[in-house]
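Here's a solo chain for you in structure tokens, the form predicted alone.
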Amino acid sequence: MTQGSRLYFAVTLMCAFVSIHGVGLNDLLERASQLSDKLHSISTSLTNDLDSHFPPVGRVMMPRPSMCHTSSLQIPNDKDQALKVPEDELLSLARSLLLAWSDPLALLSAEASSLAHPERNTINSKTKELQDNIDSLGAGLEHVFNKMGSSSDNLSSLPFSSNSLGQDKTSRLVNFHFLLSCFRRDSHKIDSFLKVLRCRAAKKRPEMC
């Protein structure tokens, strides 16, 4: 997909969320699922770009997944568990994860253009696209929350305290890759939760979800 077509896709979905008057919950969840799927796709593509020229020492330096700043959030491990979680709680989990990535993605976007990587221009472009899409999805999930009429707005706080990826070029590249791998994992969770919500809204049987 070219940069122009990616921008068109994002703008189309953002406009779709802006024009929500009279839009039903099923359609809102369908649009949210499209955006969450797009986020996971971009993060996967970015990971492949980084892996194309990633130093062997970087594999050794990479922090463990348990070091991701969102690891403390208690979430379903798979679809079967997610199907047992109440709708409002599942939406809160998706919104909490999304909110937790506002500052980290801003940091990645600010650092991408100066990475010591031959694909940094592509990485920079895709990182900014991630940031645009996550903002749009956040607004969309607010509409979903309002449409569902939930009385609970219980969002978990998952603070991200770092304002730097490191001092040397290898550390910055490794920490960029690590943060992106954390986001890729969380974007898959968000996408899974929204697809379960979409399935429930359509009154499908659990085995069809």
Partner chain sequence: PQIMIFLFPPLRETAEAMAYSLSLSLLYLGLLCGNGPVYARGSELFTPDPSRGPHFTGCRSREQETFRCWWSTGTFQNLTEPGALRVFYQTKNANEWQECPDYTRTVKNECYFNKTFTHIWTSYCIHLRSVPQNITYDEACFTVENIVHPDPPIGLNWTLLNVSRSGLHFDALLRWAPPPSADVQMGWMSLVYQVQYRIRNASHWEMLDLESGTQQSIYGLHTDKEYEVRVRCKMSAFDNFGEFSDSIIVHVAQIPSKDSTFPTTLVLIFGVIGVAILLVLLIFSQQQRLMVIFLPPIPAPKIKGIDPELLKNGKLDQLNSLLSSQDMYKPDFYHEDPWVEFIQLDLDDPAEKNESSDTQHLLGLSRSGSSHILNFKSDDDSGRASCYDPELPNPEDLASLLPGHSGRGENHPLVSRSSSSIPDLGVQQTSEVEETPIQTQPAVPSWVNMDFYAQVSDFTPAGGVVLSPGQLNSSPEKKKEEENEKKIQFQLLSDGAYTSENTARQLDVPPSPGPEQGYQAFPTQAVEGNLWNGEYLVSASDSQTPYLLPEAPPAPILPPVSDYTVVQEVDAQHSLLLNPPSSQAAISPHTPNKHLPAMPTMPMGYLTPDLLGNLNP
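Residue numbers count along the first chain shown, from 1. Remember, predicted model here, so these are calculated numbers, not experimental data. The term rigid core refers to the maximal set of C-alpha atoms that superpose within 1.5 Å between the two forms.
The next section is about a form of this same protein that is not shown, the form predicted together with its partner chain.
- Proximity of Glu30 to its partner chain in the model of the complex: non-hydrogen atoms within 4.5 Å are absent; the residue sits far from the partner.
- Put simply, Asn146 is far from its partner chain in the model of the complex: not one heavy atom of it is within 4.5 Å.
- Taking non-hydrogen atoms only, Asp80 approaches its partner chain to within 4.5 angstroms in the model of the complex.
- Although the partner is absent here, Lys169 sits far enough away that none of its heavy atoms falls within 4.5 Å of its partner chain in the model of the complex.
- Checking Leu99, Ile75, Val85, Ala110 against its partner chain in the model of the complex, a heavy atom within 4.5 Å turns up for just one residue: Ile75.
- Of the residues Ser164, Ser157, Asn26, Asn154, just one reaches its partner chain in the model of the complex with a heavy atom at 4.5 Å or closer; this is Ser164.
- No residue in the set Leu91, Arg120 and Lys128 has a non-hydrogen atom no more than 4.5 Å from its partner chain in the model of the complex.
- Contacts to its partner chain in the model of the complex (heavy atom within 4.5 Å) from stretch 29-55: Asp37, His40, Ser41, Thr44, Thr47, Asn48, Asp51.
- Residue displacement note: Asp80 has its CA displaced by at least 2 Å between this form and the one not shown (rigid core superposed).
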